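Heads up, the chain below is alone and in the form predicted on its own; it's given as structure tokens.
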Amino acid sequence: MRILITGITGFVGSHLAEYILSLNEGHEIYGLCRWRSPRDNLVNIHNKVSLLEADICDLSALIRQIKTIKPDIIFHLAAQSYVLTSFNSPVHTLWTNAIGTTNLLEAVRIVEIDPVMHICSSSEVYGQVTKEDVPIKETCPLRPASPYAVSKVAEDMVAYQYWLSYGIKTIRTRMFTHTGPRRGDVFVMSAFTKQVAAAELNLKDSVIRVGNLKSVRTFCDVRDAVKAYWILVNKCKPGEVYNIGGNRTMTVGEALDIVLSFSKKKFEIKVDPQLLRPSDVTLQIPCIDKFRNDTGWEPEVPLKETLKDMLDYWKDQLSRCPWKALTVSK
């Protein structure tokens, strides 16, 4: 099959491409990326995938590339994905995520192909839930609390609309907190593991800058997430929406304690006001019964292993490129 991954150079996209290749089923993998997108995450598979230059905000480019490859499956992962940035750049976030997704759906409609399309929404669409809403089901009301969340509501709904209106086979996921090696250092667990790695390599002081440590999250490893995405497009029905998430729930502070347990150094914890959101989502515990019942998928990678792998990843990155320690989030 011909498989198109938007955002293939990113965190999840690169892991997904690696996983599909590891199946050794002969699939052709194409990835959309912008000319300036870093290729670091594809270093192990760069000669096994075909990269196509296109921005999801450019409809004509999408039409041209989709007409050329005619994919059987599309994983739409490209997005402005950082919540805090969305408060500073709401228009860019909405344009990329909402209009970009609409462009992709329009390109598929115009070219008149019939792929299965995974549209990656987000658990952020649920916003700040009450204790009565937990664990969060797909039927929970959408209460977006950031421009990013608003953009993901739009992406989610336009994918559903194209299924209803044109029969385009979209399947939506609302992925809860997922992390792992290659996660951008603006995201919480990657920021923590990078700061610890930098301190252990004597590239920075032994201070961990943090935001809200009391937020409750259910963690999932990215390698479990991409397996779920592959199962999704092979087993699930178009038009459906699924929560996907891990099985380890704790506060962000408790997860930080696990990271710190890997180090012999003593760290000072400092709350950085710049890392606090104007409106926060502090309770995210998913109900994944619908996806589990339809597919049999279960998360497998323990959180401790995930976090250790992330710390090792950053030690390797900073050992080879010490200057990257200068970009530790503050």
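The first residue of the sequence shown is number 1, and the count goes up from there. Nothing here was measured: the structure is a model prediction, and the numbers come from that model.
Just so it is clear, the following notes concern the form predicted together with a small molecule, a form of the same protein that is not shown.
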query: Y148, heavy atom within 4.5 angstroms of the small molecule in the predicted complex; finding: yes
query: Contact flag, A78 vs the small molecule in the predicted complex, heavy atom cut 4.5 Å; finding: yes
query: Partner contact for V12 in the predicted complex: the small molecule, 4.5 angstroms, heavy atom; finding: yes
query: Distance check, A54 to the small molecule in the predicted complex, heavy atom within 4.5 Å; finding: yes
query: Contact check for I8, R34 and P38 against the small molecule in the predicted complex, heavy atom at 4.5 Å; finding: yes
query: T96, S86, S190, T218 - the one with a heavy atom within 4.5 Å of the small molecule in the predicted complex; finding: T96
query: The unique member of R223, R172, R183, K194 whose heavy atoms fall within 4.5 Å of the small molecule in the predicted complex; finding: R183
query: Interface segment, criterion being heavy atoms within 4.5 Å of the small molecule in the predicted complex, picked from 162 to 170, 175 to 183, 232 to 240, 208 to 216; finding: 175 to 183
